[in-house]
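To begin, one chain is listed below as structure tokens, in the form predicted alone.
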């Protein structure tokens, strides 16, 4: 059994969170509130040291007063607590949404559209290896069938019906793989916690 007090604190908090599997209880709520408080404190410290200090305070000390503009826009968030001025909170929200949309849209088009199209196109050199060629054809068929499944401008009958059915199969395979990946990730987290409890804390396993 470990003699490190930090290990005992970690084991205490781990058991507190896992106690929710039985039912909600004060022990679990204490651990949950502690986690939220520590996470908020960590986020505030990171924001202060990595964003506010290098991007606002240091430029102001260097005479760059242009940073006052985003600072004032950001302060509008606190108008939420003043009923007569609460409408001003729309300004920083609009700026944040506009900026994030402008930055993310080109990246999403490049990563999720252009790269997907490039990955779907079947090139002759792919058939140099028959396995690679087979997977390329499967991807091509799967993409076309899935697109046809979401083509609702015409009723799914005639040739569209079997193609849409193939699209459903590919969609279900995708959902199943995604669900299996999520379950495996959660199980890996649980195994890590059990190894900590029975190994690092109690010393029952090596």
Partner chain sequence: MKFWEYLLKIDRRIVFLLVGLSVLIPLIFPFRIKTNVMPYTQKLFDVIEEIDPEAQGILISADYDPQTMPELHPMFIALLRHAFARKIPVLVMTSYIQGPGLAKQGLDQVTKEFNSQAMTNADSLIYGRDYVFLGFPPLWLAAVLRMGSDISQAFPADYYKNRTASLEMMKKIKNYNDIGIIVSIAGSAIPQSWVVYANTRFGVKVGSGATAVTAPDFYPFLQTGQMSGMIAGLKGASEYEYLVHTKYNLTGPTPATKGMSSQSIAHLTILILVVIGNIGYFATRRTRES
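Think of the rigid core as the biggest set of C-alphas that the two forms share within 1.5 Å after superposition. Positions refer to the first chain, counted from 1. Not measured: the values here are computed from a predicted model.
Below: the form predicted together with the partner chain, not depicted.
Mapping the unseen interface onto this chain, residue 12 falls outside it, with no heavy atom inside 4.5 Å of the partner chain in the predicted complex.
In the predicted complex, the partner chain sits beyond 4.5 Å of every heavy atom of residue 29. When contacts are judged by a 4.5 Å heavy atom cut-off, residue 103 counts as touching the partner chain in the predicted complex. Using a 4.5 angstroms limit between non-hydrogen atoms, residue 94 is distant from the partner chain in the predicted complex. Only one segment in the set 45-53, 64-72, 150-158, 163-171 has any non-hydrogen atom within 4.5 angstroms of the partner chain in the predicted complex, and it is 45-53. The candidate spot formed by 127, 129 and 145 is out of contact with the partner chain in the predicted complex: none of the three has a heavy atom within 4.5 Å. Applying a 4.5 Å heavy atom cutoff to the partner chain in the predicted complex picks out 178, 181, 182, 183, 184, 185, 186, 187, 188, 189, 190, 191, 192, 194 from 178-194, in order along the sequence. Put the two forms on the same core and the Cα of residue 121 is off by less than 2 Å between the shown form and the other one. In this overlay on the rigid core, residue 134 has a C-alpha that sits less than 2 Å away from its partner position between the shown form and the other one.
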